[in-house]
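Structure 1 and structure 2 below are the same protein chain in two forms, each given by itself as structure tokens.
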Structure 1
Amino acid sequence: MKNIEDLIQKAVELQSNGLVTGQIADELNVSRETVTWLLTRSKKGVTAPAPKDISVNWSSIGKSATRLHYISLALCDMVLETLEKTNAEVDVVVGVAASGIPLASMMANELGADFALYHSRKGQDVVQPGHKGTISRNFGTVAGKNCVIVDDVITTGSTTMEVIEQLREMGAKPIVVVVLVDKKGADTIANVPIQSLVRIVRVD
């Protein structure tokens, strides 16, 4: 997507394919508020002030396993930098489904750690109060282990917060979160350091 018109067109297309606001927000890596604005803006004569948001499209990386590999090496380097400061060792790399999976898997291989897969609450078909995210039984376990959490984008930080809390409940120790893009620009979430290739900081 090159400009706002492309973004509007994509949002309308996704809506006509049956996706709801939250799903469109996740596809475009923008907030729900922005999706509402994009869909409203698509209607003739409707103008409302644009929300402050940034759309992230990292498909130029995601479409190529080679590029994902190189990026995963860069993320590993950032993890090692953090671990040096804390003298910790990584046992498991936890990929947040879906977009964190390919990077986390490659990183686990590089770091000689196990790979685990986390399904967040919002990935569930129907989210009921009290529902929790889960670690997939097909991959590594986390109890008693030092975990690196990997995702593509932090927007509001709610998914990252959820993963950290869930891992702690499972007896794991989250030691660092690594993402491609941090739109929240936080140093830490729930006392866990955030490392990102690109960090968005607003100046207005």
Structure 2
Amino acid sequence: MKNIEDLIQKAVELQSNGLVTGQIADELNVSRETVTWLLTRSKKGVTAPAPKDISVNWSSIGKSATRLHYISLALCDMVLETLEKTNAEVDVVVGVAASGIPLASMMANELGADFALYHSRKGQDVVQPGHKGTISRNFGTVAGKNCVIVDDVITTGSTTMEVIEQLREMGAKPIVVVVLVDKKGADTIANVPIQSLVRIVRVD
């Protein structure tokens, strides 16, 4: 129960610092539904049933540049394995802000590819229909290029789907998505293969 209380406290702290639901979900590596539950549960007397979710804390990797480097090499190996099957080449590695950026930049260097940064619409508390994320203009372009998408955790797959759709609309070809942890357990999202170091499968 202590872990739940810690998550509740952290969610409340992040909200008081001005983060919105999607940003808190990203920071805690849980779904938006779980953040809503944590924030609701923080209020006295509220006992809604807990959503089925798993919090992933990979800070022991994230705080060390050396560990990030070794993990990025493992992810590159998975990308190269996928490329062997498709005979494609990587032009751009797209890091999903914020947690996918360190790994993606290291992977781009290792793979000899450009680096692009994707800002998800998760930062918006209320996602308006038609609002999309964007590729930062301060980094590499994606139009007409083969792209590898890098993020830390897939929870529901909605951010991954958003990135894939946006890249396709921009004329890019997403060839693989690589993550540290896949909580969704899908082999593909929108016909793009998913590769993860760890895949979590719930046994109910």
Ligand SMILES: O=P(O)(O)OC[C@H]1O[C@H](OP(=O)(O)OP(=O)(O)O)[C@H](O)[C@@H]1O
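Take the two forms, find the largest set of C-alpha atoms that superpose within 1.5 Å, and that set is the rigid core. Structure 1 provides the reference sequence; residues are numbered from 1 along it. Since this is a predicted model, take the numbers as computed values, not measurements.
Visitor: Looking at the two shown chains, say which is the form predicted in complex with this ligand.
Guide: The chain shown as structure 1 is the form predicted in complex with this ligand.
Visitor: Hey, does Ile194 budge by 2 Å or more at the Cα between structure 1 and structure 2 once the core is superposed?
Guide: Moves: no, less than 2 Å.
Visitor: Taking the rigid core as the superposition reference, indicate whether the CA of Gly22 shifts 2 angstroms or more between structure 1 and structure 2.
Guide: Gly22 C-alpha, core-superposed: shift of 2 Å or more.
Visitor: In Å, how large is the CA movement of Val12 between structure 1 and structure 2 relative to the superposed rigid core?
Guide: Once the two forms are fitted on their core, the shift reads 4.4 Å.
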